[in-house]
Structures are given as structure tokens and as C-alpha cells.
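This document starts with one chain, in the form predicted on its own, laid out as C-alpha cells.
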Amino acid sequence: MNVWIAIGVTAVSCYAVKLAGLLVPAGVLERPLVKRLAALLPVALLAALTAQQTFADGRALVLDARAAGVAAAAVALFLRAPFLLVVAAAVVVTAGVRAIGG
């Protein structure tokens, strides 16, 4: 029963956040600071999620094959490789490190 309560609370909360976003006046959304935050916030959240998923295991810092894959992707991005090549480099390096490391 507690799971269904959590699902219901989550659904209502998501709807309330969506509704709050729709109720914001257009004048507020046109401010330069709000536009800048709206442009930068998704990038920051994605970077934080990537770092957390790559370098954390519970409450411990972990450097494993995932970190090598992210490093390979960063190098490919620095070299301005196409997106599919960036993903392929990350996959190949991660798989190679896992194969070598066991």
C-alpha cells in the first residue's frame, strides 16, 4: 500500500510542478536572467547526472571502466568527432577496459 501512496504523491507532485510552470506570467519568462538559467540548467543537470553515474557507487567514489569510457568520449569531443563516433569510442574503450580488467 505504501508504494501506491508514493506513486500517487509523485504523480500529483509532477502535475503540480507542470501546472506551476504553465502559470508563470510571460513577462517573467522574458527576463534575460531567466532565459540564461533556462539555457544553462539542463546542461548542468545532465553533467551532474553523468558524473554521479560514472564516478559514484552508493556513497563511495569509484574509478572503473566507466571513467575510461567517459575520458575517451571527452577526447573524441575535443577532437570534434561526430556524435556516433564519440559514443562508439566510449563503448569500445569501456568494453576493452572491462575485458582486460576482468
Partner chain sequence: MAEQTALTDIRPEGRPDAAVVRDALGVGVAVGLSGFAFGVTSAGSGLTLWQTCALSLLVFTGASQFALVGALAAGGNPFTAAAGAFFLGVRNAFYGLRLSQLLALPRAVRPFAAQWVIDETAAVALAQPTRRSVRIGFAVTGLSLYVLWNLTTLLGALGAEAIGDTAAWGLDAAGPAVFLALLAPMLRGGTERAVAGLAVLLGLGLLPVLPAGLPVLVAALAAPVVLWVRGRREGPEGER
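From a predicted model like this one, the values you see are computed outputs, not experimental measurements. The term rigid core refers to the most C-alpha atoms you can superpose between the two forms while keeping them within 1.5 Å. Numbering follows the first chain given and starts at 1.
The form predicted together with the partner chain is left out here; the points below concern that form.
**Student:** Going by a heavy atom distance of 4.5 Å, is R80 a contact of the partner chain in the predicted complex?
**Tutor:** Contact with the partner chain, no.
**Student:** Mark L45 yes when one of its heavy atoms lies within 4.5 Å of a heavy atom of the partner chain in the predicted complex, and no otherwise.
**Tutor:** Taking the distances in the predicted complex, the answer for L45 is yes, it comes within 4.5 Å of the partner chain.
**Student:** Mark L49 yes when one of its heavy atoms lies within 4.5 Å of a heavy atom of the partner chain in the predicted complex, and no otherwise.
**Tutor:** Flag for L49 set to yes.
**Student:** Should L63 be counted as a contact of the partner chain in the predicted complex, where contact means heavy atoms within 4.5 Å?
**Tutor:** No, L63 stays farther than 4.5 Å from the partner chain in the predicted complex.
**Student:** Can you name the residues of 51-72 that have a heavy atom within 4.5 Å of the partner chain in the predicted complex?
**Tutor:** Sequence-ordered list: A51, Q52, Q53, T54, F55, A56, G58, R59, A60, L61, R66, V70.
**Student:** For L61, decide whether the Cα shift between the shown form and the other one is 2 Å or greater, given a superposition on the rigid core.
**Tutor:** Shift of 2 Å or more: yes.
**Student:** On a core-based superposition, does L84 travel 2 Å or more at its Cα between the shown form and the other one?
**Tutor:** The answer is no, as the C-alpha of L84 shifts between the shown form and the other one by less than 2 Å after core alignment.
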